[in-house]
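Quick setup: one chain, the form predicted on its own, written in structure tokens, and binding and motion questions come after.
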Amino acid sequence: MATHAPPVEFALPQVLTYPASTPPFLVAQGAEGRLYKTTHITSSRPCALKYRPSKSYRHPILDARLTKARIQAEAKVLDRCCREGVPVPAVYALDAGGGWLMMEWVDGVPVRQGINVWLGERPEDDAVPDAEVADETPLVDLMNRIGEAVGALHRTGVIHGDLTTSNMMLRPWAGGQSNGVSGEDGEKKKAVGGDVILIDFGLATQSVADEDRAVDLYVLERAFASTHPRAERLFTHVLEAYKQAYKKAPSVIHKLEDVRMRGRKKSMLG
């Protein structure tokens, strides 16, 4: 009879071992770190704490330097984005030496989940009835909001480094509005509604090179194609909104064509 392995227990970072009214909750475990949900100052203010534990395979001094540099770099990027009005979580506190960064908690679901709810059980073929295309306004609006968010990010001089629909959150609008539509259609519209918040800046860098911006867009385009192939044709709306949000977008889109060509050649050569 099959048995299930017990959940893995991790040692908490020191900041989460102090007495608190709200115990921390492990939300996600990645290769480089762990994400906890906890509270900041009061129990009514939820926050996210990103912790980079030490790596036993690295020399202790090198590991400490790398961890400190990465925490500081991520906090600096988030702070710059917040000041420039880019939709990202605000930084509450950090301890680079301790390996943690405390940020605003973003309510909602990943954009990936919202799009998948919208797509539902639609057929895999490329033939989409005209009536169905005419009803895709809420999804197109979401594509526009994604393009605007990425445009604002690049306008600030920040490259995300890992743009996917899993690294974007949909923060619900007040009242969970669905334009007055109830039933299944209302739930689908609510699934793709909300403000797009960019998250997970662990690989982010600061750059003003069009090449770097183009690679950022290419990563998003390929991630979108692999995760949401039935809606891949709508990615053009992301690029159109990007052009509206970032005045230097034409040169980036031109570079994107070059990046696409290199990607196709790499795929053919293996």
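So that there is no doubt, residue numbering starts at 1 and follows the sequence shown. Only the largest set of C-alpha atoms that superpose within 1.5 Å between the two forms is called the rigid core. Bear in mind that the values here come from a model prediction, so they are computed numbers and not experimental data.
The form predicted in complex with a small molecule exists for this protein as well; it is not shown, and the discussion that follows is about that form.
Under a 4.5 angstroms non-hydrogen atom cutoff, the small molecule in the predicted complex lacks residue 66 among its neighbouring residues. At the 4.5 Å threshold, heavy atoms of residue 28 reach the small molecule in the predicted complex. Contact annotation for residue 140: none of its heavy atoms lies within 4.5 Å of the small molecule in the predicted complex. With a 4.5 Å cutoff on heavy atoms, residue 194 does not count as touching the small molecule in the predicted complex; it lies far away. For the candidate spot formed by 32, 105 and 167, every residue has a non-hydrogen atom within 4.5 angstroms of the small molecule in the predicted complex. Shown without its partner, this chain lists 114, 99, 89, 151 as candidates; in the predicted complex, only 89 has a non-hydrogen atom within 4.5 angstroms of the small molecule. Only one of the listed residues (48, 239, 219, 234) places a non-hydrogen atom within 4.5 angstroms of the small molecule in the predicted complex, and that residue is 48. Annotated contact segment (heavy atom within 4.5 Å of the small molecule in the predicted complex): 105 to 113, selected among 141 to 149, 105 to 113, 79 to 87, 185 to 193. Superposition of the core reveals a Cα shift of 2 Å or more for residue 55 between this form and the one not shown. Superposed on the core, the two forms barely differ at residue 40: its CA moves less than 2 Å between this form and the one not shown.
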